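Below are two forms of the same protein chain, given as structure tokens: structure 1, then structure 2.
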Structure 1
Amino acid sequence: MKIKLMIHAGVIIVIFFLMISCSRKQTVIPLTELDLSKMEQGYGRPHIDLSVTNNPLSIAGKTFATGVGTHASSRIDIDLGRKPARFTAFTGIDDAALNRRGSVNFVISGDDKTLWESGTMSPGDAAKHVDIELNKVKILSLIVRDAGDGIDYDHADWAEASFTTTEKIKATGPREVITEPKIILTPKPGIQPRINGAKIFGVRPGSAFLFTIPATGEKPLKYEVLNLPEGLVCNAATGQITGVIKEPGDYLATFRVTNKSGSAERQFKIVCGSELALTPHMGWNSWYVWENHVTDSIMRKAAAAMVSSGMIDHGYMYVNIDDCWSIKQTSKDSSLLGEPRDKNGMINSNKRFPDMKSMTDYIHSLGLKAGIYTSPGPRTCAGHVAAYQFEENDIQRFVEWGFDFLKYDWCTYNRIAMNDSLSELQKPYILISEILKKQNRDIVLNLCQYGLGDVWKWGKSVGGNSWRTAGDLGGSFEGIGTALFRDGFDVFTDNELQKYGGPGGWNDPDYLLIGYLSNWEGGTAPSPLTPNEQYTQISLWCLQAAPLIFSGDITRLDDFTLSLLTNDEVIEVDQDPLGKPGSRIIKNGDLEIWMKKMEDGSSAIGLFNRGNKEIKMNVNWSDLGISGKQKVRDLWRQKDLGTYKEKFSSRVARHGVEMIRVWPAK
């Protein structure tokens, strides 16, 4: 009887374990079945069973029926819940990029530890097979990075990608689980006067001069300038300095701003010569919030908001239209149609901009400057009429309208250029800068050609006052965070851009993408950058001496966004008259230390944490080439931290920064 019971019990146990085994049967889950909207990528959107160009997946001549087509830089996170799983795939550059310069590196990481890496892959390379067992991994990340030459034609395929597991899995997105409070670190300006912004300004002899003294303090303020050069006057109520200087030379003046609580003075140097943009440009651009919806009304409201928000009091100056102001002959929208040029070949604006001269006059009346956009090709990026073969006419028109800034975007000129040789890359910019030199109006020139031909090495010599160093930071709404770390940190460091920027010509890593931005679907949404990343972007841009051009909705500035844009001690790093870009001094995994030398002998230092966990960072003075006791000031909090003998330490949040300035202690 006991034997029979034991047999029955044994059968029951076997059946029980068989049931458990059946219930835990492994299943294959293709990557394509997950929510690919969680994937961030640097261009376009992920495609199921197709390449990013919407063609069949093909790597080195081999076609794959299933998989995901993406574009560097990209990333998707999958929550495996620490359960056993297996991932398999074939990786490579899609054949749509054959005979192009694309190159990528596929990386698979588990909980931020690298588990597999393809190494550099180029068009035509055979697919690399990945097959890895995953144990106790919470978040698996599938990452595609550019291999150091930008993201052009980085069409990356995860072919036949799938998971084998007994558990449910889901895509979380790199940012879905991130919750960071919007902590305002910048103190509000006090009631006493404080003079801000640039300490030096360039103008050409005989050109119209316009500069508004940036100052905070309880209004009304009274503005004065001592030793103002002959030909200039200062409006005591607005701080606007206008007029014309006829004689070249360096003029040292003194600003004085007074209110009922006190006064402030600061020296200001006016350099009347051949060079403009002696400090990086500061202002606003329409593209990343309004893109092809921009109008005259939007530009006027933006200018008014730059004044009412107080941004003008911190040194912001330019109000710039991007693409879509000229005629688009192929449009179905009647507001964009019309004659591209008049009978004399002068370019016309579309109906959304009925009177350009009136608009720039309004912007100038507020003490601000106006910028415009076009391309050396026959069409702009958005398909509007551009400058090709009408360069002289268009510059004359911009002068007639009263513009002060020109963004010159490569775009369709790639159809004109005979090849990608240096002479062909430089040709349209040499032409336009020579035309600009002949004008009786100062127009700052921004070369927007995405870093082609190492433009930082020759941008200034062809007349550029700034040059884009990489692709669009906001090429896709989801990819802004990925691009920030790629284009902000790595492009600058890999190419040693600190050697090339300086007074008159600046490295331009693109705009400040905070606040409300276009979602590229006809609406707007808050920046996908986390609060920490927003502090990181502005800190890094200032340490690099990059232009500070905000491209969010300037009419909807919340207190957090405004605090980021108007910290005068952080801006002072960017606008320092020495004009020496900082650089990365130390890299230890995800931790980086950057330093910028300042005119007064101090150093601005950024402690950046590119990792996903808060960590304590140390910086030794000896590693920075400085010695002795150093006085340390927290620039975001505008607070003295004390004197430190050999090193400084601070906890730095994930994707965050601590920005300090140090002086030898007396």
Structure 2
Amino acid sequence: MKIKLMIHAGVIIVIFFLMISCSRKQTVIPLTELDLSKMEQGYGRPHIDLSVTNNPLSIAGKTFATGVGTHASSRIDIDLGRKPARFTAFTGIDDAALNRRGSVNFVISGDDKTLWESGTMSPGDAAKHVDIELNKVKILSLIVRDAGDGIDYDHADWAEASFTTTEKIKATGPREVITEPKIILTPKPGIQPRINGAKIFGVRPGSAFLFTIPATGEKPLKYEVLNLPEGLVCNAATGQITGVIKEPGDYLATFRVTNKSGSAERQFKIVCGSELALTPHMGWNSWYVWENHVTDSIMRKAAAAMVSSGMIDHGYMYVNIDDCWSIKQTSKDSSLLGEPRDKNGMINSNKRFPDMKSMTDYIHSLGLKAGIYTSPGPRTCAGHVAAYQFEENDIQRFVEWGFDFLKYDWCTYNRIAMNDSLSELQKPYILISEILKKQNRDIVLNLCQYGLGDVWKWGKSVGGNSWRTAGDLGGSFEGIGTALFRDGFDVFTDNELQKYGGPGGWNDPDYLLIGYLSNWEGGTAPSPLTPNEQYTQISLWCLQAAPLIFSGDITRLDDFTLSLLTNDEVIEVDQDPLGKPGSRIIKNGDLEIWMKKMEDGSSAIGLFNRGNKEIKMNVNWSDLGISGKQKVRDLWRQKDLGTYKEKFSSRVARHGVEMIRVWPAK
């Protein structure tokens, strides 16, 4: 009897639950109703019912009233809780990018397994419909990848995108919020003089020479150079070396810096020939903090801050304006309007830059160099007047204005290029570097075309002194962390970029995105990188021999940010005269060991932990091709750790790094 009653009760309970679950209604949840702030993307922000550039959603002439406009590389993760659901959408490139060079691949993955792919889609391709049943998927990812030609014009629409499910679903950020203390490892410079920065410098015969000896130590410092080549002088109070060398050749000089506590000496090689940028560029660029509101006064303050912060004493040299200094004819802001060029076709700056020559004179007077930006197309990426068909004039103008560095983009040249062939990709850079070579001024050339056509294979041969290897690292503020790991680690390794960088031509994975950055909404915000990720960026860039161009607010440097930018032993890895980029030697899941060979026979080694938990990492000398006892020095802490026979171990923080340098022990 008792058992019978229990069975009855059980059956009733089961029926009750079945009824509840059957009665749960299927609802349609549009993608636009999820928290789109969790969507990461390579440019701009996700827009509801509009394209990334704020136009009505439209794919191949068909308009869609609802959906999300995004931009490659884009990703949003949605927690489906392993419950059944259905996802439907129309995918395609928005017509705002019609006749442009965009191409993308929409990918839907469930718990990291690909469930659906659109294949390469180009502007004008009819929307592809996706309709998939999802079962037992915990995290569904909607991804838009660039289809191999960079992210330019990759305006991607998830039109009429929605889920049908009985459950509650929510977007989860690919990145959780992590709070870590900002621990300063870099010791403060001592009072004794120390000479820092590059040990080699290239100049062309007959060009104006400017190099400021970077040195720390209690001020005042007295600067001298022994064996200075004929034509140059050194200012004893500022350390600025100026003049002109007429005769090509290698000149070995000795820097000597003295103060009341002592003196330091170091050899310095001046190579007077055809090559510039014998070590990776070090400096500051306006883009990621001031973007389209950069002015003359901002640039002057940045230059002054490079001196007052002491960055100049560690080798930082270039103060570079990015986009937005020329006229923008479509602007509503009168300070950007005016005649694009004078009657001789010479380009004009906008009213925010009333006197370029006096600005560069000021930058030079501080012992620094000045950089400018333009694009080979008719317009820059931000829609300002650019160089197309005025290349000779514009370079002549930059020479008159006194610039020392040119960042040459790709934007809007895709309207001009006839096709995707290598020769079309190379044409504007060959043209500009031929013009630069004719000038009686040394201008370092940075190619900013996002890695198109494997630029690393030919960037140097077309005259580039560095070339961007990927899209904008900071294209989306929230996405900087993801981009750091993708562009910083994987683009480099996948393409074996160590084979291509070297003296005169460097791989450029974009700027150092630490300190205060633009939040792209008119204000600034602290870098979204965690403190350990910031150590990772600087360490990785130095191991790769990448340019060290800081693009946060240089007038607002907190102690932590300054300590990251000014560790001389870490910078030495970047600036090593051998100029051999390091590479990944070992990968074990999330753990990577990178190594860079140094001129003195030592090796710089980075132990990187890409995983989410602190972990103990081991490195065996034999795996690195090193044998015998090694003297190990911790570079961030600038501390000897002792002698290690066969291997070295260290705990490495989540997304963090331990950076050491090893020398064969006597």
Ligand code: GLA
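Numbering runs along the sequence of structure 1, starting at 1. From a predicted model like this one, the values you see are computed outputs, not experimental measurements. Between two forms, the rigid core is defined as the largest C-alpha subset superposing within 1.5 Å.
Engineer: Which one here is the form predicted alone?
Structural biologist: Only structure 1 fits here, because that chain is the form predicted alone.
Engineer: Indicate whether Arg45 shows a C-alpha shift of 2 Å or more between structure 1 and structure 2, with the rigid core used for the fit.
Structural biologist: Comparing forms between structure 1 and structure 2, the Arg45 CA shifts at least 2 Å.
Engineer: Could you tell me whether the Cα atom of Arg75 shifts by at least 2 Å between structure 1 and structure 2 after core superposition?
Structural biologist: Arg75 C-alpha, core-superposed: shift of 2 Å or more.
Engineer: Pro187: after superposing the rigid core, is there a C-alpha shift of 2 Å or more between structure 1 and structure 2?
Structural biologist: Shift at Pro187: below 2 Å after core fit.
Engineer: Please report, in Å, how much the Cα atom of Leu36 moves between structure 1 and structure 2 when the rigid core is superposed.
Structural biologist: So the C-alpha of Leu36 has moved 3.1 Å between structure 1 and structure 2.
Engineer: Once the rigid core is superposed, tell me how far the Cα of Ala156 moves between structure 1 and structure 2, in Å to one decimal.
Structural biologist: It moves 7.9 Å at the C-alpha.
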